[in-house]
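In structure tokens, the next block holds one chain alone, the form predicted on its own.
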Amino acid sequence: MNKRLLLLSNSTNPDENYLSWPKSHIKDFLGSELKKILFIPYAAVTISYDNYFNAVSGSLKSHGFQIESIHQIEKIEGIIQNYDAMIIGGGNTFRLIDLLQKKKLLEPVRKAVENGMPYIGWSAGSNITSPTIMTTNDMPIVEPESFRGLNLIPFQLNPHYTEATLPNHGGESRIMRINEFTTINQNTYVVGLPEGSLLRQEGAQLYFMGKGNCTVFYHGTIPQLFKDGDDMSWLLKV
């Protein structure tokens, strides 16, 4: 099947309207034929699911998409097959994976995407497409059954990637954290997605799009940098 993924680092840049920067990418990715979209808001913690859904649907409704949220559906068993595409938003990755596990949705989501259902995620919703959620930036506010993700891509994602450090702050930088991961997991690539950027997969093709440099980490090697429009399809074969 032609697996299709649109994996955003973040939903909204500072001083912009909600989902402003990726809106054109989302429209191009979904096209004009895909209308009925399932939204999964389970990563939300400090905002209600209703408010989260309203923000997403309000931003995308001008494109003619019919978006429904899974939290408003009473019986969710088997419902994924009734939709043309799926969106999983950001928030806390541990909360998201915990609820997907408890509601027995991980395998149905994975199978749907493997069978060709277009998938859009940002932040936590992007991180969970990795083999594990071990490269999230989030605090483990709940203890999930396991750290296993959807395993839709063969490498790890680190959304919101930044090399910025705080003056007079002694904590580890993002690079140091990722190097810790690759030291223990020496055969795994980690892709750092900066704000305002995304990865788009169309079958066997994978491209980086957006602002800044995409940074690829692998144990014992110098990080590789990629820019807007670069072909990164080789990562699908690692």
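All residue numbers refer to positions in the sequence shown, first residue = 1. Quantities reported herein were computed from a predicted structural model and do not represent experimental measurements.
The same protein also has a form predicted together with another copy of the chain, omitted here; what follows describes it.
Participant: Establish, in the model of the complex, whether E143, N158 and I178 all lie within 4.5 Å of another copy of the chain, using non-hydrogen atoms for the distance.
Facilitator: All three within 4.5 Å in the model of the complex.
Participant: Just one stretch in 57 to 65, 27 to 35, 44 to 52, 201 to 209 has heavy atoms within 4.5 Å of another copy of the chain in the model of the complex, so which one is it?
Facilitator: Result for this chain: 44 to 52.
Participant: Does T165 make contact with another copy of the chain in the model of the complex, using a 4.5 Å heavy atom cut-off?
Facilitator: It does: once another copy of the chain is placed as it appears in the model of the complex, T165 has a heavy atom within 4.5 Å of it.
Participant: Does the 4.5 Å heavy atom contact test between G220 and another copy of the chain in the model of the complex come out positive?
Facilitator: Result no; G220 lies far from another copy of the chain in the model of the complex.
Participant: May I ask you to check whether N137 falls inside a 4.5 Å heavy atom distance of another copy of the chain in the model of the complex?
Facilitator: Output for N137 is yes: heavy atoms within 4.5 Å of another copy of the chain.
Participant: Report yes if any heavy atom of R110 sits within 4.5 Å of a heavy atom of another copy of the chain in the model of the complex; otherwise report no.
Facilitator: R110 lies outside the contact set for another copy of the chain.
Participant: Within 4.5 Å of another copy of the chain in the model of the complex, which residues of 168 to 195 have a heavy atom? Give them in sequence order, or say none.
Facilitator: Residues within 4.5 Å: N168, H169, G170, G171, E172, R174, R177, I178, N179, E180, F181, T183, I184, N185, E195.
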